[in-house]
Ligand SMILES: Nc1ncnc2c1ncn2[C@@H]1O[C@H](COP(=O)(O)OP(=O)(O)OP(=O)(O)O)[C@@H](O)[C@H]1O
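Here you get one chain, nothing else, as structure tokens; it is the form predicted on its own.
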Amino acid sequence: MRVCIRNVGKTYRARGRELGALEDISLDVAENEFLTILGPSGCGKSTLLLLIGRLEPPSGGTIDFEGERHSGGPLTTMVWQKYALFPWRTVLQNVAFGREVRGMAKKPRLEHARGLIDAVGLKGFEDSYPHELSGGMQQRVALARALANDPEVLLMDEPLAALDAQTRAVMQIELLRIWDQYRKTVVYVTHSIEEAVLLGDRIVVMSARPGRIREIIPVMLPRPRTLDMIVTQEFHAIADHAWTAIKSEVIAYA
């Protein structure tokens, strides 16, 4: 599904004054695209996800979804930095939750959940509880739970930021593998230039608050992506371009 964002702004009122979070954002996200969003802290990246997910209303502008819906699931589902799993539910019960709420019969929803658990590499952990899993494993559960809802658009707010460097690298490749399998439209927020390049078809670079689109950088790297690409000249050229675009914004906000 294509996401069409036109002249979107967001203003909050705090302590009797207005605070601009986003200003005049216009952007198209293509169907099945993996779009990464990069910008300094406080520039409105997460706010933009909330607006796309209809968890917050924009103060101005429009966000439309174009394309025939076929999944029967929600328009959007969010994957957060904090895993937000139900601690009293097993992995299987967490993943099946969305379809349980939608009234699906027990047998088919559990079969569907088992398939997703296998897809994210957690077969054998169906009966484990979140506290028994590592951070990377918990994030796999969160991703499987999001996919179980069969959303048209998957919104991801720094989902790997809390992981150690080695686990994060593994999860980046796993995320790409899963995306290649399910081909959802993904909007992915990150602070990491390297991650933005490795994952994205395009990188949206945002300015300091109020967030505006400073530049959109195409990532002309072949897929499937691998960690070996990080050391190539092509990868470094795109990463350097992104750093040049964002550097002044980071300094201005510091």
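In this text, the rigid core denotes the largest set of C-alpha atoms whose superposition between the two forms falls within 1.5 Å. When you see a residue number, it is the position in the sequence shown, counting from 1. Everything quoted here is computed from the prediction, not taken from an experiment.
Keep in mind that the form predicted together with the ligand is not shown, yet the notes after this line are about it.
Contact with the ligand in the predicted complex, defined as a heavy atom within 4.5 Å, is made by all three of Pro40, Gly44 and His191. Within 4.5 Å of any heavy atom of the ligand in the predicted complex lies no heavy atom of Ala245. In the predicted complex, the ligand sits within 4.5 Å of a heavy atom belonging to Arg209. In the predicted complex, the ligand lies farther than 4.5 Å from every heavy atom of Ala239. The ligand is not shown here, but in the predicted complex it comes within 4.5 Å of a heavy atom of Leu19. Contacts between 1-17 and the ligand, taken as any heavy atom within 4.5 Å in the predicted complex, involve Tyr12, Ala14.
After superposition on the rigid core, the Cα of Ala14 moves by 2 Å or more between the shown form and the other one.
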